[in-house]
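Heads up, the chain below is alone and in the form predicted alone; it's given as structure tokens.
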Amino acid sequence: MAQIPNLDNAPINLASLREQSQRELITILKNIRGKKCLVIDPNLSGSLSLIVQTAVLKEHGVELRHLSAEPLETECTKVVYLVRGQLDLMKHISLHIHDNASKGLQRECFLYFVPRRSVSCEQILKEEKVHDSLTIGEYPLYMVLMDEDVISFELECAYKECLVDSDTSSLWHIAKAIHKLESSFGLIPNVRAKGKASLRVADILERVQTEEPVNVSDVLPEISTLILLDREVDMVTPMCSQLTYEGLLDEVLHVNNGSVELDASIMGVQQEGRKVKVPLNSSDKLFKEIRDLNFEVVVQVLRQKATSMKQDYADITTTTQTVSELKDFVKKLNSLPEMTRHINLAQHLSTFTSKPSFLGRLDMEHTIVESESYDICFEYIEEMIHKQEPLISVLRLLVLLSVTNSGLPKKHYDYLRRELLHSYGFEHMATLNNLEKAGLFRKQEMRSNWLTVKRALHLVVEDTDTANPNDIAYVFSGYAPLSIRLIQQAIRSGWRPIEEILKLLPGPHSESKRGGLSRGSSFELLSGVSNNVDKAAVGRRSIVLVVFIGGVTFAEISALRFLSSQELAAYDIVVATTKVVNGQALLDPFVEKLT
């Protein structure tokens, strides 16, 4: 199965955007004649694998290498560096050029920044006296199309950069990416934003529109509403363990650029130490069917499919079948590799979900979210620290407790901080300072609003039916993600009805109309009866672009898919994010590593 996802069923023509990214890269390579060595920033290789296949690059005389500090081993006389604007990468490139000179190698070197040139990086190249040895350009890759309805800006550190480092350059990147979407699909007339970064992106978007206007004609834009949401507004959701199939795969195996890498033995291949890459996208029909289900339901679905196939096989060997029936059976056999793949993956996940430690943690997460038994939660975290459980696991629960309580009482805060440093090392003083600066682990200075928000938005749903869900709470077996409740409200009737609740959450909020369209507000386009009228008039569903600044989890994406699949929903949702994350990936940049 192809690593590159099939985008044929996307709500908007995302395939054209991918083709544009392919063309731009191929043009860069074509313009450098002859055989060339393409040296890629390792963090870009996953993104590129979703845009263009290695075989296509080889057709254009490309030899692939990953950028590192080691001298470049190649016989090519032309070297093309494709990198993000990071200072440490400039040092690697400088080392390569100095190494070429010392060995008397005549190499023509090209440097392409992704997505745009960086003044600070070029300054480093000048200081290293290699700037003049490079032909410098840009590869404007602002987004990567992960699947039919998911776009990633591949800015994994954006959340920490904005909150801790006061570096907001990622916000410009996000606005530029949205503007690029508008260039293809029309100016988005309705914008709703919640959070400081989101409002800033909305402002930059207006400025970019002034400088590089998207033509506003009478044609109805393909995307009717843009909802911008800061991750900071809801840090409860990513700290909880995801319980959808795809979310759990990410928690346990870490989905990276639409695939997981795992031991071959898990997939039934008996080869010692060998790793296999398993693609996970909607090109796999079975995965598309089960990815958004609660994991306990996935196990049942796979069991039913396996039983059905077994019965079909028994029928085929014991009774006389017509040609048509044989054809149907062979068609089913074609799905056998997919079945085997997901049974193996589900079996592997089950070894984790059945552990008492996993179930105990789930109970504790629910206890914290429900704001019950603070002392029990505090003691549970204290015990985790004393047992020296993985630091990230401890921090996830600690952040969850701190966020839902608007910080910890001074006595408890000081005590846990001290215990963490004793157990995990004093180098983590910087980690704790980062978390405090971001407001994720801090002293309690005011009463928590969590109970009010939880009740007003109905975030805890009792007796959730995970097999036949009627609410988004199924993705966390009883907790409805705060972020998705807000989006649900924004789509249905805008911010106004929940204005008082929004004021209790971090950051300002805004609602605006753009462009010259006077076809009614997005409330009309997207709510109730009017929506059906609109749908009948234009003959298509409304499209909502939801942008998460700071990351989104697979469970939240599943909840959004559930919303748009409901009978009365007359809209499709496309999710864009700085990065698809889980609690670990979100907190990792805050953890200071000793170099």
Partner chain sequence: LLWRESWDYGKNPMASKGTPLHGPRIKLIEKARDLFAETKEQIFESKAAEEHAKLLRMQHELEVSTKQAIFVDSSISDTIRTCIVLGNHRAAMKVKTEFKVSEKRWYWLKVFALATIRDWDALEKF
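Here the structure is a predicted model, which means the values were calculated and not measured. Positions refer to the first chain, counted from 1.
The following text describes the form predicted in complex with the partner chain, which does not appear among the structures shown.
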property: Heavy atom within 4.5 Å of the partner chain in the predicted bound form - the one residue of K277, K126, H458, H386 that qualifies; result: H386
property: In the predicted bound form, the residue from M429, L87, A467, L336 that sits within 4.5 Å of the partner chain by heavy atoms; result: M429
property: Distance check, E592 to the partner chain in the predicted bound form, heavy atom within 4.5 Å; result: yes
property: Contact label in the predicted bound form: S241 to the partner chain, heavy atom within 4.5 Å; result: no
property: Exercise: S406 in contact with the partner chain in the predicted bound form, heavy atom 4.5 Å; result: no
property: R116: touches the partner chain in the predicted bound form, heavy atom cutoff 4.5 angstroms; result: no
property: Candidate stretches 79 to 87, 503 to 511, 430 to 438, 337 to 345, one within 4.5 Å of the partner chain in the predicted bound form by heavy atom; result: 430 to 438
